[in-house]
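Presented below, as structure tokens, is a lone chain in the form predicted on its own.
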Amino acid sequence: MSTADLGLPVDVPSTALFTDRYELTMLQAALKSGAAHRRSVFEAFTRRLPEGRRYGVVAGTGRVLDAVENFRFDTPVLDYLEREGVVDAETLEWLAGYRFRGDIWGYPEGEVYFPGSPILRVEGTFAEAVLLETVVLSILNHDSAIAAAASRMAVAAGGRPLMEMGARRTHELAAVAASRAAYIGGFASSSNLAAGFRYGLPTIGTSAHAFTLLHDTERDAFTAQVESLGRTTTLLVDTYDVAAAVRTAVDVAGTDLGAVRIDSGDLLLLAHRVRQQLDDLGAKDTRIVVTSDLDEYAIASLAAAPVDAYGVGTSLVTGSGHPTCAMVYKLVARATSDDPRAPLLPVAKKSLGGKTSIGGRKWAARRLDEDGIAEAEVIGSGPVPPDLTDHQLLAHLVHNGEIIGREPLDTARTRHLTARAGLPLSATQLSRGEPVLPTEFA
């Protein structure tokens, strides 16, 4: 299945240089030592969740698959590497024919994860698998951080729609990825047209304060917007005086005005006042949208307010204080020789200071209690216990270099709702705490 099969209108460009130089210098040295072709297993995981987070959310897997598929060293890239003396001629020749021909397993996108979870497992020769480290971590660390923040905000919103509006608060390409990750985490729409174009996300947006300021009066601005976009549009009512703007908005658009947006001030107080005013004017179905530097805590504080939807920008696209998930990509097993039949040997770095890892090719499963609620994340490298066979988490994403794990974005979004609902209730608390599930190593 290609991006075209999912209706995506554009392809990912070459991702070959989305990497660190030492990946290529390691490759060169391994080719010379003869170890480059040993069968190897790498795993992406995190040793801890960001402080205060109860669970992580897997996002970016679909983008990883695109990156793997488009990891190609074309002539301009090879010329650059040669000109800069990054690698020698033998390595350049090997890179010219590079294609990932191994297997990738991973937690499906939208699934939750915990410390030690083997979120992605990459199997192939050392040479072909080590090159993917940087781009894999770049995508998973960013997208999973955004999705986790989005999930917390969705919980705080209690079913009210969330709109992603953070494009102007981050790098232009990161903004598109953030919109995608936010949708997986529970947001309903995005202001980012590039995200709508690329991933088919619903997009929203009507006007900013500049549109009101452009016109001689607020009435002129509202009239122009309603005549252009219809009575179901959303009018921004906090440019001057909110109460006066609401009166003008209903007078111009009528009682079937779609919504009003409040972008500043005491949102809790204003929401109550505006709701009462709209009701008194007969606009009982006109919705109230609030924006203005919201995060999950501000959204939670508005739970009792008559708010119909939230627009979130800065806090979302920066991971609400945690812009990365601290995922790492480690070699956990390698063959004893370059013979394809050679047995795998577990390997692990020995380190102090919390950077230890556990060797071995791992499986992961989630143990449930008698009510079907998750009670532990179980990870092992031996046989899977019979009682966990039906609860394994890793899905086959790439087989012999062929992408087999692509899926519609709505599938990942729905999966996240299901996964989050299967966690203990304390997972939805916004107060600081430990991961909601313990990680057990079998």
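Note that residue numbering begins at 1 and tracks the sequence as displayed. These numbers were taken from a predicted model, which means no experiment stands behind them.
This protein has a second form, the form predicted together with a further copy of the same chain, left out of what is shown; the following refers to that one.
Enquirer: Counting non-hydrogen atoms within 4.5 angstroms of a further copy of the same chain in the predicted bound form, say which of V328, V252, L281, V155 makes the cut.
Expert: Looking at the other structure, the residue within range turns out to be V328.
Enquirer: Within 4.5 Å of a further copy of the same chain in the predicted bound form, heavy atoms considered, which of L344, A194, A309, A188?
Expert: None of the others qualify; the residue that does is A194.
Enquirer: Does a further copy of the same chain get within 4.5 angstroms of any non-hydrogen atom of E172 in the predicted bound form?
Expert: Residue-level check for E172: yes, a contact with a further copy of the same chain.
Enquirer: For D256, is any heavy atom within 4.5 Å of a further copy of the same chain in the predicted bound form, or not?
Expert: No.
Enquirer: Check R231 for me: does it contact a further copy of the same chain in the predicted bound form (non-hydrogen atoms, 4.5 angstroms)?
Expert: No, R231 stays farther than 4.5 Å from a further copy of the same chain in the predicted bound form.
Enquirer: Please run the contact check for D238 against a further copy of the same chain in the predicted bound form: heavy atoms, 4.5 angstroms, yes or no?
Expert: It does: once a further copy of the same chain is placed as it appears in the predicted bound form, D238 has a heavy atom within 4.5 Å of it.
Enquirer: Taking S33, T206 and P323 as a possible spot, do all three reach a further copy of the same chain in the predicted bound form with a heavy atom inside 4.5 Å?
Expert: Yes, each of S33, T206 and P323 comes within 4.5 Å of a further copy of the same chain in the predicted bound form.
Enquirer: Given the stretches 103-111, 368-376, 297-305, 137-145, which is the single one in contact with a further copy of the same chain in the predicted bound form, using a heavy atom cutoff of 4.5 Å?
Expert: Of the stretches listed, the one contacting the partner is 137-145.
Enquirer: Going through 78-92, which residues have a heavy atom within 4.5 Å of a further copy of the same chain in the predicted bound form? Please give them in sequence order.
Expert: Heavy-atom contacts within 4.5 Å come from Y80, L81, V86.
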